[in-house]
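Before any questions on binding or motion, here is one chain by itself as structure tokens, the form predicted alone.
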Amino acid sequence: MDPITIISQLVTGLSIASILLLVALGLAIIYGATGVINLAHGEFVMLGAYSAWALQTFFNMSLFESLIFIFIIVALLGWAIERTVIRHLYARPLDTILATWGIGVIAQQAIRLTAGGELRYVEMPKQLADSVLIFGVEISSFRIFVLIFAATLFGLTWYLMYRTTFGIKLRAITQNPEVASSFGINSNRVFGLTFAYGAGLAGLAGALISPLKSVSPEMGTTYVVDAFLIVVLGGVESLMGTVLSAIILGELSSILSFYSNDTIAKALVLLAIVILIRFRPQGLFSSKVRS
């Protein structure tokens, strides 16, 4: 490949990685902290996209103006689900899988009944509708914004988890719930807020994806599979591993798609990850697995 093509593929890979990171970050927090395999995570992404569409269609709000409202709406929904369903199933992993799968199905059907099953579209912010030239390659301004936003969101999440009292409590509960409880830490409250925050991040991911992809009730299904791949590859204990694995998957998808097509590329990436976890089940960037 010539240098321009190489740069183009690298930039495309980073663009894919930024979207994957947005989707996977919330899942990594929920799974790493609570051990819940949340199959409804893709529906939180979908609800974020539909929230962006609804706020734009009925309230004439731009995507930028609606982001904070989307985060709050989806986070509150995630908190309500954790309070009413998930909190009673923490010691029953199979039940949580079935419950979250059922919640996802209900969410899809609720959207079909209220918003309809046809494709919806969200207008891209006019300020970011053009392209910029970087190293001789035209890159969408909106994709650059998504990349910067994903990096900023990761930085804020890292600060929350490692530099705040809430993060200390969460890590204490994750490492030893009994000792944390003896120090007066309310694990139910911390888990509820963690689930809400993870759901809110997924909602933001859906909102930022919506101008790039058509919005549909089943759109979250594809993204949740990719998100789980990233979490498994990065290791459930490592936020930095989530970032690095998102970059790896994004670049692999870009390169393989260039030589074949998206379907074959996804199959090859999945095969590579299956082989990897056969020999390193804890992921590339974690030294232990959750017990």
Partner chain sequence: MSAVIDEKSKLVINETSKRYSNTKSQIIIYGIVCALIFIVPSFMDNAYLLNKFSTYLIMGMLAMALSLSWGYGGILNLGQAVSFGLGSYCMAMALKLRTVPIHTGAEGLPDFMVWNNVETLPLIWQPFHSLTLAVFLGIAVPVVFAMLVGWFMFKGRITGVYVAIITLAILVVVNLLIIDQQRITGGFNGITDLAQLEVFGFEFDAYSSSAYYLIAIFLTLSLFLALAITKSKTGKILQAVRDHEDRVRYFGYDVSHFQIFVFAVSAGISGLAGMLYTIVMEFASPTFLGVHLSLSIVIWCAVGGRQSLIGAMLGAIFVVGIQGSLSESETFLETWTLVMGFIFVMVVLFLPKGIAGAFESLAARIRQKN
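Residue numbers count along the first chain shown, from 1. From a predicted model like this one, the values you see are computed outputs, not experimental measurements.
Not pictured, yet referred to below: the form predicted in complex with the partner chain.
- Between the options Arg163, His88, Lys126, Arg189, the residue in contact with the partner chain in the model of the complex by a heavy atom within 4.5 angstroms is His88.
- With the partner omitted from this view, the residue of Leu63, Ile29, Leu229, Ile248 that lies near the partner chain in the model of the complex is Leu229 [heavy atom within 4.5 Å].
- With the partner chain left out of view, the stretch that reaches within 4.5 Å of it through heavy atoms in the model of the complex is, among 96 to 104, 169 to 177, 72 to 80, 147 to 155, 96 to 104.
- Although the partner is absent here, Leu14 lies well away from the partner chain in the model of the complex, with no heavy atom inside 4.5 Å.
- The partner chain in the model of the complex comes within 4.5 Å of no heavy atom belonging to Lys213.
- Within 4.5 Å of some heavy atom of the partner chain in the model of the complex lies at least one heavy atom of Thr221.
- Among residues of the shown chain, Leu10 is not one whose heavy atoms approach the partner chain to within 4.5 Å in the model of the complex.
- In the model of the complex, the partner chain lies beyond 4.5 angstroms of every heavy atom of every residue of 139 to 171.
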